[in-house]
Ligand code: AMP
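Here you get one chain, nothing else, as structure tokens; it is the form predicted on its own.
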């Protein structure tokens, strides 16, 4: 039986390994397929895709989009099989990147008012590390957290978020987000399949609320749900599997690998679980069917 990873990040967003290196690591880890799903950008897809071809690894272009959702939960939508050149997708990315660009200086200024010695120039330099160019690369809180850790203001990336950068933190400002409908529509317009990422992070109060949220997203065009994830225990895996069966959704899974930004997460493994190749094959089949229908129209 072969295994895959359908949720991972590179230096194109907040990972610490360049896209080609993530792909090489997937090959070295014995995976047969990979999807790169950087936050709000497809900036690493071309490099990753070229490397996947060189080593004979099956590959899907992906993205992870943040959508509006009531705190304390978060809603992320994964898009698989997208066209990186889609005009609608690129317009969306420009909007989201502008939102991040407007937020970052506010966070830095607030940190400075709290006695933290940090500048936007340092944040931009941190984001450039390990990347040949900054174009289309989101600059955000993980880069600020890395500086806080390096300068000794915190003892871990987690503490940086808990104390300063997460909702409720001393220097937190929210970013611009799409509505769930907009996120799912943009993925569809780019020829992709929309999948709910790590449902546990919705922080639903009970199973009924989780089911209602999933149903609402299905009504908007959601086609899959991430069943296996590093934050999912066995009970959540079962719940997500049940919801997938109930609403006829594709099942996906991934580690949410970020490199050294999440040192306890290994590419190709999610809390000790492996992601079966069947998940990748079902995604690819759905994408092929969608493209055939589009051609027939």
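Given the structure is predicted, the values throughout are model-derived calculations rather than measurements. Residue numbers count along the first chain shown, from 1.
Same protein, other form: the form predicted in complex with the ligand, not shown, and the subject of what follows.
Asker: Check each of 99, 84, 180, 142 and return the one that places a heavy atom within 4.5 angstroms of the ligand in the model of the complex.
Answerer: Contact residue from the list: 142.
Asker: Only one of 262, 251, 269, 232 has a non-hydrogen atom within 4.5 angstroms of the ligand in the model of the complex; which is it?
Answerer: After the contact test, the surviving option is 262.
Asker: Could you tell me if all three of 14, 103 and 161 have a heavy atom no more than 4.5 Å from the ligand in the model of the complex?
Answerer: Yes, because 14, 103 and 161 each have a heavy atom that approaches the ligand to within 4.5 Å in the model of the complex.
Asker: Taking 4.5 angstroms as the cut-off for heavy atoms, does residue 239 touch the ligand in the model of the complex?
Answerer: Judged by the heavy-atom cut-off of 4.5 Å, residue 239 is well away from the ligand in the model of the complex.
Asker: Is there a non-hydrogen atom of residue 151 within 4.5 angstroms of a non-hydrogen atom of the ligand in the model of the complex?
Answerer: Looking in the model of the complex, residue contacts with the ligand do not include residue 151, since no heavy atom lies within 4.5 Å.
Asker: If we define contact as a non-hydrogen atom of the residue within 4.5 angstroms of the partner, is residue 157 a contact of the ligand in the model of the complex?
Answerer: The answer is yes: residue 157 has a heavy atom within 4.5 Å of the ligand.
Asker: Can residue 112 be called a contact residue for the ligand in the model of the complex at 4.5 Å between heavy atoms?
Answerer: No, residue 112 stays farther than 4.5 Å from the ligand in the model of the complex.
Asker: Can you say which of 23-31, 52-60, 241-249, 254-262 gets within 4.5 Å of the ligand in the model of the complex, counting heavy atoms only?
Answerer: Looking at the other structure, the answer is 254-262.
Asker: For the stretch 39-54, which residues lie within 4.5 Å of the ligand in the model of the complex by non-hydrogen atom distance?
Answerer: Contacting residue: only 39.
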